[in-house]
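Only one chain is given next, in structure tokens, and it is the form predicted alone.
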């Protein structure tokens, strides 16, 4: 099999997921043996039109133009990856969905007449997604492994278990038991328990784990003393549009 022809695209986002891809460092040479960059405006002036073996798309969809663009990218891509939380769940951008479009525009813009934004949606609201690579941003090594797996023709093996497993492997003291509102029990692993390793609660940036018991965790948060408003805000932060959290997030 020849090199993968890849395209990397940005929609409504901060570009953090692309920056995570750029941190490959010593892995760069090995990666370049596997891929040809056909489209990636952050790193190359080459702007190929595909078709792509692999398209990695960062960001949520929030304008009519982006709706058309993601459909066009999908039509030219064999495998499409939702890169990061905005692409996978709507991400931080989706927090604004609890307000009407009119309210949001008035708050942000002095003259909103030229604004053409829409309700924020993840990629799979409009197109089929083959691989979901969550995180804000995803870990660089995980991105590399997914590219390698696609090159080898094998399904990526991404974690489905919660962050608590990574905490136990790191022998961390449970912050939830200590009375802190950690999200680790319901959040997908993949970060290496980065925040708990530093004594900080998990904020949920990898999105929901498979079949999370969110209702039980919410009861624990209420025992700790969180208000209903605080609970809603925590669930909205990264993945409020996900089916696992939408019941409580109000999005």
Partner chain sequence: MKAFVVSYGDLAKLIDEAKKSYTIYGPVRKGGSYVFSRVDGLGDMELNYNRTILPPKKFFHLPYEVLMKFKLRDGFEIEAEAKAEPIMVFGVHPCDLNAILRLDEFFSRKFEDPYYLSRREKSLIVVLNCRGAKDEYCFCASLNTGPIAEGGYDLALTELEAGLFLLEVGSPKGDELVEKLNFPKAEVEHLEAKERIKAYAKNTFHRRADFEGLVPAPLDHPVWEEEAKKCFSCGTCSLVCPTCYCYDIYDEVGLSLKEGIRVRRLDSCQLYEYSEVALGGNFRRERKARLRHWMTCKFGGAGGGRYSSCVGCGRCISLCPAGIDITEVASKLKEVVKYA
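Numbering follows the first chain given and starts at 1. All figures in this text were calculated on a predicted structure; none of them were measured in a lab.
Below, we turn to the form predicted in complex with the partner chain, even though it does not appear here.
- Shown alone, this chain has one stretch from 71-79, 91-99, 125-133, 173-181 that lies within 4.5 Å of the partner chain in the predicted bound form by heavy atoms: 173-181.
- Proximity of residue 212 to the partner chain in the predicted bound form: non-hydrogen atoms within 4.5 Å are present.
- Interface residue remark: residue 137 is not counted as part of the site for the partner chain in the predicted bound form, having no heavy atom within 4.5 Å.
- Proximity of residue 185 to the partner chain in the predicted bound form falls within the 4.5 Å heavy atom cutoff.
- Residue contact with the partner chain in the predicted bound form: residue 116 places no heavy atom within 4.5 Å of it.
- Although the partner chain is not shown here, in the predicted bound form the stretch 134-154 places heavy atoms of 144, 148, 151, 152 within 4.5 Å of it, in sequence order.
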